[in-house]
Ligand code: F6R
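Just one chain follows, in the form predicted on its own, and it is written as structure tokens.
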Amino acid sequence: MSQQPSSSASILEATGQKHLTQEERFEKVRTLVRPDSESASAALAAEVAALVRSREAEGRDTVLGLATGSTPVPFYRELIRLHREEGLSFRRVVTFNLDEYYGLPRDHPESYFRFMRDQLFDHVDLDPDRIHLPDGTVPMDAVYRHCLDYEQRIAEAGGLDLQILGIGRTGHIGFNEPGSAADSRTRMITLDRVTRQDAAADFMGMANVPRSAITMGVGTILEAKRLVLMAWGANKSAIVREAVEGAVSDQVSASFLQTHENATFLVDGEASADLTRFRFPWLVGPVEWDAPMKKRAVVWLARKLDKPVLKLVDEDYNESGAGELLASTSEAAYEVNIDIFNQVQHTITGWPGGKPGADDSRRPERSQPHPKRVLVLSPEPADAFVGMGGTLARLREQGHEVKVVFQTSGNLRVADIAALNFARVVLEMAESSHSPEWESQTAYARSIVEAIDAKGEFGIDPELVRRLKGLILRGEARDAASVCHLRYHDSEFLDLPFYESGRFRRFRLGEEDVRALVGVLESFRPHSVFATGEASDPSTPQAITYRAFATAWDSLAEADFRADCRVWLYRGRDRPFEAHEIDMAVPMSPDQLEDKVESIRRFMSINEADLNAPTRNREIAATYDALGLAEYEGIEAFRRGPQG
């Protein structure tokens, strides 16, 4: 079965969605999968360009509905490239945006008006009079009339020829939170708590995220002639499956796209991973029963039937749609069960750096050399502790030379109160000392307080404040490292330029960032590298730092240390690995898991999801237990990455 549809399939012409292939039969709306967000965005931009040019040749406007957030950024960048390099003109384009936060001035860096200017409008020849966004600054008593006027302007433009959409974790399109009706129109809406949590990093704290927004309604969106919903990264895979394969429900507003005659989900490989044709391909057609596919199917069957692997029988396979596995191998269930049980069992190790002197033929990591030089890459300071805090401690306790490289300062995640508390302590110390030696410190502390007061609730941190927040986070990171038994000099802070000069959803990887990773690899010459971010949303610091590492790694293909270096992938803020994906499982005792919890708590500006990381470790351990393996308090999971 092909894992990717033909790249020649049209994105905008989705009339074939009622005639899905055998593999797609669980999908209730047409879904196109591309390898990555860049290729998907380029394909969509090319079709939009063709639409704009054809309508311009006919003397007609193209009316585009646009979305914000990180998802459409690569699409907008490709449109800008087409304008600059291939002469695509937007003179006959009219735009309407989905939504806008209520209460933000239009020049605020997180307003969608400002976002669209930064990401598209200021870089193409769009007529400003043809740009339309909801206005989040209208008085409360004028919001209703403003929403009616917005609907009227869409109608006067001839309706939307194409509406671009993203999808939130609650399944919302626009800001149509759970409960939004199919016939809802443009209106003010109260934002869901999950939606505000997801925006917290953009606003440097959830307390700063607006509580309301103005959004097109589901009914308004569904009136567009064409709909394209884009989704990138593993964190979107579960909600994509629910919207594509689940029932139409006002609890997942994206599911209403199933009712549209010309709607397409355009997703990358990671976001498609939970669709039946990719997650359980044996249920939709013949598959090649190689070792990974066998492992996936047997683990799935055991979890589906809530039985240990070794208790599965032939009837379980035949009655659950996996009988072809037995037929393809000419083996009984018992033989297949033992094979897969052993594979899963051999992923478990208490020696993540390899056990010296042991037979390593069935262990995830080789026994030699010992000790190893182990490089742990942490995109933001908390990531390494959230994803592998217990393993960090194990590696250090077992004598390996561990270097944790914090790739970014993480200062955008530090709340104002942390900086204010620091400044106020300095001021109080100065007041209590009555010494002129404190004059410079007093002036510095006051400048911090004044800068934070001046920027207000939704303002941008000046460089002075960002620098202080980064230093505060350094202290917290070193404190967390000490809980994991790491020494002061076991940490290095890169402060990669893309982060220091950017903001969330606006980051751009540069050559300096890659050179910094090359320098780390060349100087440390690791035997093992632990990295994360390969499955993250492409615009996140996690994804960008992983690309920096991957590019640096590829550039060192001829370096002699690479032949003896293994790369392991871990998951921090992203969807955890499933049992069949795990190549190394590091168990933790109750005390070790509590130490991990304590390391995470050392970060003052930590969110609820990160604090719940140990719950995910317990869930992985429970899965291994249910498969018939030993019972552990928690497990940290790893998958093999690109090797030497």
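Since the model is a prediction, treat every value here as computed from it, not as a measurement. All residue numbers refer to positions in the sequence shown, first residue = 1.
Missing here is the form predicted together with this ligand; even so, the following discussion is about that form.
- Report yes if all three of A67, L98 and I167 come within 4.5 Å of this ligand in the model of the complex by some heavy atom, otherwise no. Checked in the model of the complex: all three residues contact this ligand.
- Task: Work out which of the listed stretches, 120 to 128, 79 to 87, 173 to 181, 478 to 486, brings a heavy atom within 4.5 angstroms of this ligand in the model of the complex.
- Result: Stretch with heavy atoms near the partner: 173 to 181.
- May I ask you to check whether R505 falls inside a 4.5 Å heavy atom distance of this ligand in the model of the complex? R505 belongs to the contact set for this ligand.
- 4.5 angstroms heavy atom contact with this ligand in the model of the complex for T186: T186 lies outside the contact set for this ligand.
- Message: Given that this ligand is not shown alongside this chain, does T71 nevertheless sit within 4.5 Å of it in the model of the complex, heavy atom to heavy atom?
- Response: Contact check for T71: yes, within 4.5 Å of this ligand in the model of the complex.
- Interface membership of Y112, this ligand in the model of the complex, 4.5 Å heavy atom rule: It does: once this ligand is placed as it appears in the model of the complex, Y112 has a heavy atom within 4.5 Å of it.
- Ok, K236, K372, R571, R394: which has a heavy atom sitting within 4.5 Å of this ligand in the model of the complex? Checked against the cut-off, the match is K236.
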